[in-house]
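Only one chain is included here, represented as structure tokens and corresponding to the form predicted alone.
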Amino acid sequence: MATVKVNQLAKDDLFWQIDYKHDRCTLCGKCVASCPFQAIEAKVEKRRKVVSEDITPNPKVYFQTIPVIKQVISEYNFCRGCGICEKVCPNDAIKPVRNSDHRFQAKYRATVADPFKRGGRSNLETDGRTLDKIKVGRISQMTDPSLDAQRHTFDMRAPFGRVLAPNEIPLEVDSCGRLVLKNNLPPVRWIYPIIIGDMSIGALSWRMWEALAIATAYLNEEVGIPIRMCSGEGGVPVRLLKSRFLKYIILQIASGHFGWNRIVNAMPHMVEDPAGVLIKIGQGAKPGDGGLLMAKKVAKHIQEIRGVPKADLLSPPNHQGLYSIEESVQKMFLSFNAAFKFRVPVAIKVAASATSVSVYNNLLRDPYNIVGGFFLDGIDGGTGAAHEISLDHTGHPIVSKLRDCYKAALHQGKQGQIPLWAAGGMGKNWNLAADAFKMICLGANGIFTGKLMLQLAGCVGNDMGKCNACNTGLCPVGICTQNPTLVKRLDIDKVAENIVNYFIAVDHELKKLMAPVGNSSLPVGRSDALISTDKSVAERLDINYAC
């Protein structure tokens, strides 16, 4: 009897188990060739068969060696459940099956002595989404005449930049009796209330990033939807920096400052200003952590864009010199406003936390009027790579924190002066328009979204542990990898087309929600339009409870 090796990793420890039907398999090899994780392999199995070919029992024993597909049992080459093998199999002979009794993370840590890392979003959904417990309840065709969503003209623009109160606008009457500006106003861009969130050209493959840029330009120039895209921390291709399409891009700077040498060097050659600058202090998926780009994804072109060698790229958790909210943030804002001669709005992005309201209150007292926006990112935000313990166990839900910030500004009579943008799981239920509308009613000027764009591109991962291999550089659909073979799986034109079509649909759906409540402009702060079927949610957000 063989020794039972109880302490070794076994198939029943894994997240996903391969369900293989030998009798349906033609051994074409497509599944093995297409699996980027090398989680399956061609092997042979020994089979023993006893037959009797006589009228009376006369057993004969035959041994056969037959080729099969087998699952690899390894801490490194384990199945992520992406299902690519199932997609390519012509005979439905193989598929991954979720193992509800797995204990892989414990085995991994015990064997490798390293924190378990992955990409994606939190996989510990415990109580449903808050936004799904909120409905648009104030639809009265008697007291609030509805508009015609198909024919009415709607103002769908939101501010990105500091908006002055009427009494702060520097106006004076000149000698001819005309009102003239004494000083320049802070720069404000009026854009679509949904921004394609910050995903860097290292976290994403160059094809995915280019598809986002193409879709953004097409939506602006052909469809008339003034959407903007944030570059993420990782630089921008020089050709784009010198093109007129730069005006649709929000440049991001984070604590690693990756790619900023190229951006600074390209400034004299820019024919358009960028849409804005977003300084990332933190992100919702892993608050307290900086960015993380594994060396496996630092391909040659990424090294050139970022100006770095091939190595794990870790952004520090803090910006250098971040000693206080007032000094450090103001210093950065002044630097980047000065770089573009105060023509470009600058905003900051932080992870939602218990102190978000304090930070926002400090920014509202900004005496220089240069804070162009406050981007709050909640716990359901996505990331390309993070320690799993951060993804699943740190962060703050976005909805209540957005509401707190809006009410703080309202209390000071300064709502809308520093636009609030919120994110973290927007579109998680596949309906971005509904989430955007509810967040705007709760006080957001707009929202930003990232992971949904990946889903539109063909991402096979989900928030229940499927795939989530963005950190490995082996994304099976070519979205989050720099592997040339895998990147070729992504069809740029099709991805751009999907994103364009989705936003056209979102635009219609937003108007379908604005029309019944009688709003022809964005209903920022119109919480009276909302009800909740959950009493605790209604009380926390100060909206009507309905049952």
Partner chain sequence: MCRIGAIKSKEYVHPSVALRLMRSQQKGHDNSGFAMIMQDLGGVFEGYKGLPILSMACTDEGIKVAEDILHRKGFVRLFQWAPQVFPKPGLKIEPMPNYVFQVYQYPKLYNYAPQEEKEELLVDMRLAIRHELENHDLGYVYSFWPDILTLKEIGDPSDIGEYFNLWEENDYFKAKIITAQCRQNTNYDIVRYAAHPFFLQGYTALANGENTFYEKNKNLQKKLYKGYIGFESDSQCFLYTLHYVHKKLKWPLIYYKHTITPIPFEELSQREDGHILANIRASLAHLEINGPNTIIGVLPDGTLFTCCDSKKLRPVVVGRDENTVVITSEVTGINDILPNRDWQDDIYPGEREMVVINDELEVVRWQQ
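Values in this document were obtained by computation on a predicted structure and should not be read as measured data. Numbering follows the first chain given and starts at 1.
What comes next is about the form predicted in complex with its partner chain, which does not appear here.
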| item | value |
| --- | --- |
| Its partner chain in the predicted complex: contacting segment from 411-419, 129-137, 106-114, 466-474, heavy atom within 4.5 Å | 411-419 |
| Partner-contacting position among 406, 374, 258, 209 - heavy atom within 4.5 Å of its partner chain in the predicted complex | 406 |
| The single option of 221, 155, 304, 392 touching its partner chain in the predicted complex, heavy atom within 4.5 Å | 155 |
| Residue 269, heavy atom within 4.5 angstroms of its partner chain in the predicted complex | no |
| Touches its partner chain in the predicted complex: residue 190 (any heavy atom, 4.5 Å) | yes |
| Partner proximity in the predicted complex: residue 178 to its partner chain, non-hydrogen atom cutoff 4.5 Å | yes |
| Distance check, residue 520 to its partner chain in the predicted complex, heavy atom within 4.5 Å | yes |
| Triple contact flag 309, 334 and 370 to its partner chain in the predicted complex, non-hydrogen atom at 4.5 angstroms | no |
| Heavy atom within 4.5 Å of its partner chain in the predicted complex - qualifying residues of 520-541 | 520, 521, 522, 523, 524, 525, 526, 527, 528 |
